[in-house]
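Single chain ahead, written as structure tokens, the form predicted alone.
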Amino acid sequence: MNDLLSVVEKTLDEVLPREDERPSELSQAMRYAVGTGGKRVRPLIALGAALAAGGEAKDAAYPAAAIELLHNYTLVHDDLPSMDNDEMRRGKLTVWKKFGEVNAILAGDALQALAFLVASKTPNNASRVVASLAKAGVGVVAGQVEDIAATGDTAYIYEHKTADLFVAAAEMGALAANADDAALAKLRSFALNLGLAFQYEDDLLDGDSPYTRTETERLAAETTDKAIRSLENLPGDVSVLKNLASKLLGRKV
């Protein structure tokens, strides 16, 4: 897993602007947003999907970086005063609190645009990789709108606000490794269920699940099991994805 994380960090460092690149306020805010920690779950899914499809992790280096950039853009905007109004994330000041609200909005915009530029660099199936990222980008915004509106449609919010990026990560990684349709379907199923499990676990950690604790724990275990079973009969090494799913279940942070 450490080798895969190194691929992610190296690629992110490559594609992000240098801190002294003009305008430096923007470059610094972008690097700060992406570099303030996080588990890198989505890029690891992308790399793991490439391996599971029979390819190599390096095939999916750009998709992995792209999905992390898009994810962090959503976090920067979620934290804004007009949305969640959060001042701290991962033990550090949020981007708007450190760099100002205007710079945070612009940094999020730039991260989103950069995500598509990076995805377009994928050596194989670049156009399909970009399309997958775009679909997820629209989906996660739709999920956020429904969440803010408090519609009560938990399934829709969980699928789009959380799971869409997981599905895109797996699909992008698999496409980068030239996966066939059967492998793509299995990896989409894996990622959808893992995304749902991830959200149920988040609810347990935050104590704000719309379900009882017992029901939330059951749903987390059930969707994790579905995710792992989706990996059966794939042509490549599925150990990374299996280990990731197992570690996310019952996590403490």
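None of the values given here were measured: they were computed from a predicted structure. The first residue of the shown sequence is 1; numbering continues from there.
We do not show the form predicted together with a further copy of the same chain, though everything after this point is about it.
- Using a 4.5 angstroms threshold between heavy atoms, Arg89 stays clear of a further copy of the same chain in the predicted complex.
- a further copy of the same chain is not shown here, but in the predicted complex it comes within 4.5 Å of a heavy atom of Gln112.
- Remark: His77 counts among the residues lining a further copy of the same chain in the predicted complex, judged by a heavy atom distance of 4.5 Å or less.
- Though the partner is left out of this view, Gln144 does reach within 4.5 Å of a further copy of the same chain in the predicted complex, counting heavy atoms only.
- Taken together, the three residues Ala191, Thr214 and Val238 lack any non-hydrogen atom within 4.5 angstroms of a further copy of the same chain in the predicted complex.
- Heavy atoms within 4.5 Å of a further copy of the same chain in the predicted complex are found in exactly one of 149-157, 178-186, 162-170, 90-98, that being 149-157.
- Shown without its partner, the chain has Asp109, Ala110, Gln112, Ala113, Leu114, Phe116, Leu117, Ser120, Ala126, Ser127, Val130, Ala131, Ala134 in segment 108-134 as residues with a non-hydrogen atom within 4.5 angstroms of a further copy of the same chain in the predicted complex.
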